[in-house]
Structure formats: C-alpha cells, structure tokens
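We begin with a single chain expressed as structure tokens, specifically the form predicted alone.
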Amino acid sequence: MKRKHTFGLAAGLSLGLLVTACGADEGNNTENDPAANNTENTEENNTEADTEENTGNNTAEENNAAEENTEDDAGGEAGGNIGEEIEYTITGIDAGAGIMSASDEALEVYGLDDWSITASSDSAMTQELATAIENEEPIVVTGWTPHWKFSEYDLKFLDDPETVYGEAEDIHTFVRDGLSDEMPEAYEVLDNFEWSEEDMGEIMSSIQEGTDESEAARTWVDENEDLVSEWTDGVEEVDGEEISLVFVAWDSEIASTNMIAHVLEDIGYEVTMDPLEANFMFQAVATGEADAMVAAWLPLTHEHLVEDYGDDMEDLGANLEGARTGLVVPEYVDIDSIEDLQ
C-alpha cells in the first residue's frame, strides 16, 4: 500500500462615496420678451454650431490617439510597459529551487534592477498564469519543460542570449548509499529507469484533466508494459519490503514519482512517498531518511544541492534528457527575449 503525506501553504489579499449636487438659477420671466427670445435662439444656434465644431475636433483627436495607440500596439509591448503592468514582478516557485537562483542571477546579468521575483509554489504559479491568460493580461513566470502548462496554453520561453539558464537539463535519479546491497531489486529498477518528455507528459496531462495522480500513473504503467519491462527485466520479486521515495511537488515530479512507485509496487515493494522542498529532498536521501528520488534537475537547477549533499548519495544518471528552464510568457505577450524586459 502506498501512502503520501501532503503539505500545504495558505495565503490571503475604500468604499468611495460620490456625491453629486446640481441646481438651477431662476432668472426674470422673459417668456413674452421678443428680444429675450431672439437672444435665446441665437445662443442655441451658436451652441449647436460650437457643439458640431467641437465634435469634429474631438473625433479628429480621438482618431489621432487611436492611430498612435495602434502604432504602439503594432510595435509590441515594450519591457517597460509590461513591467509597469505587472509591477516589475516575476512569478516564481519555491525559494529553494535552482531556477529561482538562476532567475536572481538573470536580473543582475540583464540589468533588470527594477524587477523582483516572488517565491510561491508550482501550483500557485500556474494558477496566476491561468488567471492572467484568461484575462489576456501580461505575466512573466519561471518555467520548465516537461510541464503540462505547455500543452494547455500557448507559451514561449524568452530567449536567453547570455545562457544564464543553460542550454538544457536532465532529470537524475539519486539513491542513498548502501541501497544497492540492501535493496538490489529496487536499485536495479531505478538504475534502468529512463523515459521521455512525451511519456511524462501523458501522465501530467491526465492529472491536469482531473484524474487522480496515482490513477493517472497506474494507467500509464499498464499501457506501456513494453517500456516498463525493460526496467524490470530479470528483477526478482520481493515480499513487502518498504522503500521510501521523496520528491519536490512539481507536476513533473508528481508524475514520475507516482509512476515509479507503481513499478516498484508491482514487484512487491511497499512504497511511501513524501513531497519535500528541494533542499530537504536531497538531505533526506543523503542522510538515509529516504531511499531514493527521481527528481534531481542537473546541471543547473539543483547544482548547489549536489555540491552540498552529492558525496553522501549515489547518482544513477539521467532518467529524462532535454529538460529546459527559463522565463516564460504567454504567446500574446509581444516580447521574445529577457533583454526586452530592460
């Protein structure tokens, strides 16, 4: 039986009174005064003429303003305009993630002194992204692939000419020291485990559509027996040995950890899973409190954590190649490079 512990974070966000006064001045009765009537008629005619003239002028001014706005829109939203609209704020994920450190570095490298990055979570970030897209508003978020949001929305990475975020990343499997001797069957499965972005995407999309994450992973395992059999070929079954997995609660790692948990269960393991922040995930495997993780992004995102804990665990290599990180915007945001935020 598999159990998962879930941690949550909750967060939370003049009436004006307008008084309008109006009145009318009462003058002498001029109703029977022809001179008065003529004056009123003259004033009315003049007023009508003035109104027509002003209307014409206003229309011309409005047309000119519209043309200017159209020219501005055609030229694209400048980084300064986007910055003003979103208060020079990039929506990030958990503070311990390497992509957050890289984004801090990007602000320095590209001279984005007015900008800041807010830490949140994967789910909070994607919710803000969804809200912005629904309202066709600009937004800049930290992003990575594989992630379901790229199939759900029209998004693009901002070009990174200074390669602050690197060219590409791989997702690695790490296990605690001694696992190969104590749990050789699990070690072999984890060592063999390798899949594609498309494989992971199937599970993520299913979860996003409302399927329970464990059920989505189970379905994928059942429908991909040929690939799974390559990981388990020649591996003997065990009898209820307990093994613990840890992961960061990103959609990609929820998908991969649930999936590999089912594979391990199918050969007889009792699997537990715990979502942790990245630094605690590495610490748990390094100290032996957890047995394994399939959620380490290298060489950039978790590089600092490998430096801190890598000597106390074993790297089994990449289980997914070609992942990417960077700053992401909706396609309708008319900028293409991090430099455009300057």
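Everything numeric in this text was worked out from a predicted model, so none of it was measured. Numbers for residues come from their place in the sequence shown, where the first is 1.
Although not depicted, the form predicted together with a small molecule is the subject of the following passage.
> Just one of 209-217, 230-238, 248-256, 180-188 has residues with a heavy atom within 4.5 Å of the small molecule in the predicted bound form, so point it out.
Result for this chain: 248-256.
> Under a 4.5 angstroms heavy atom criterion, identify the one residue in W144, F193, Y269, F174 near the small molecule in the predicted bound form.
Comparing distances to the small molecule in the predicted bound form, the residue within 4.5 Å is W144.
> Tell me, out of V140, A97, L264, M204, which residue has a non-hydrogen atom within 4.5 angstroms of the small molecule in the predicted bound form.
Looking at V140, A97, L264, M204 one by one, just A97 meets the 4.5 Å heavy-atom criterion.
> With the partner left out here, if you bring back the small molecule in the predicted bound form, are I93, T301 and T325 all within 4.5 Å of it by some heavy atom?
Looking in the predicted bound form, the three residues I93, T301 and T325 all sit within 4.5 Å of the small molecule (heavy atoms).
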